[in-house]
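Next up: just one chain, as structure tokens, the form predicted on its own.
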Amino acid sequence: MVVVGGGYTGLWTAYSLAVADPSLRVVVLEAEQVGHGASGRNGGWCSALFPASLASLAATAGRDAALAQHRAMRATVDEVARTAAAEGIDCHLAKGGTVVVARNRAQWTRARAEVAAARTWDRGEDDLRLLDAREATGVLRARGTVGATYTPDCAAIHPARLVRGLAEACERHGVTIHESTRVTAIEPGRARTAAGDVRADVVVRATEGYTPLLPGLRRAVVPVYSLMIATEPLPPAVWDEIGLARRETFSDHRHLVIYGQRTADDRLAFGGRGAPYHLGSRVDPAFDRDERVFAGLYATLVDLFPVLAGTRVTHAWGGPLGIARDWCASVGLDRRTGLAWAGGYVGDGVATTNLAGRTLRDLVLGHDTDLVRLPWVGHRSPAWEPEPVRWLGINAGLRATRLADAEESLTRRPSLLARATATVVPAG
């Protein structure tokens, strides 16, 4: 089989197949270097987050199937840790969970509603807890914290160390990886490159945010950019002011996504959405940097933690992630054509890609397991709208999200504008 894409999806798939059946010949084709895309640039959240809500999964597959997907995601966090340990991959993994603080009344309302909704799905405190102000600030001392939600189902990792270690593990198990080998088209039985065709019984598309560059897939997912900054290593006195003693990952309950972690070398790595979507689903290295977004991230970081005022930012970067039209990641194999795929993670791919790789293993080998019966298997998302409609809709949604957060920071009440955001770009 041939896997197109040398990120987490492609490498977990190749690894899982090679371990399960050493007789298989597995080749990975990567346009740049392994981990060049989101797998090497993400915020390092190995979490149980899945982009589609339990309610949306249940609407199409039923309550039991939706909960099975959630249980599989929770187990996958530990599976990544287990495999990293077994293969000697030092990815700086620390399973401290995720704390999401509420910093005004509107955010606190959403936090309480999230926990109340979790209880209707029989998700107990071992899954998601509501923290009061004292408990929340005992974990993360963000300014203005009135409470938080906490889940244990997340491990902070160093993303590039994980993807490079995984590539080395693949090669130890007999997988061949060809870097600097750009695939120009995927067809039944072959992957086309400028140097020639690679023929295989099964061709796996594992290209995520770069999928629109392939013929016929321009509207399959949209590449939306997420950008990050990292501070210089911070002294113990500063960390005493911030918290994150167990390297918990963190966010808050605003509408526009932010995310952060304390790295193993005591930096604060922090990112968020907000970069514009580019007309025609364009992907370009020039889009990896946006000084306006970097400045906004720094301002947000200082707003969260005033002790960081004047702290030096040593690294800034970004890249595209992939979003399906219905916000639902999917994995599947068309047995008639031999074409397989996985993706549409909406930025929640560090753990989900592992689940995808193990699921593709079972699909390819014909194993009837619980994994192949999960509701995301075989799911087909609708195509995105043609341009310029999707450019207008996505960027209008981003702008509405920013305005909703600004409104709530002033009024402290839930934003009416936020409801309009979901009608422009569906929320996950």
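In case it trips you up, residue 1 is the first one in the sequence shown, and so on. Remember, it's a predicted structure, so these values are computed and weren't measured experimentally.
The protein also exists as the form predicted together with a small molecule; that form is not presented, and the subsequent description refers to it.
Contact check for Thr181: a heavy atom falls within 4.5 Å of the small molecule in the model of the complex. In the model of the complex, at least one heavy atom of Ala206 sits within 4.5 Å of the small molecule. For the chain shown alone, Asp127 is not a contact residue for the small molecule in the model of the complex, no non-hydrogen atom being within 4.5 angstroms.
At a distance threshold of 4.5 angstroms between non-hydrogen atoms, Thr9 is in contact with the small molecule in the model of the complex. Remark: all three candidate residues (Leu29, Tyr259 and Val350) come within 4.5 Å of the small molecule in the model of the complex, counting heavy atoms only. Checking Leu214, Val313, Ala264, Ile242 against the small molecule in the model of the complex, a heavy atom within 4.5 Å turns up for just one residue: Leu214. Screening His379, Arg390, His70, His36 for any heavy atom within 4.5 Å of the small molecule in the model of the complex leaves a single hit, His36. Residues with any non-hydrogen atom within 4.5 angstroms of the small molecule in the model of the complex fall in just one of 61-69, 41-49, 360-368, 391-399: 41-49.
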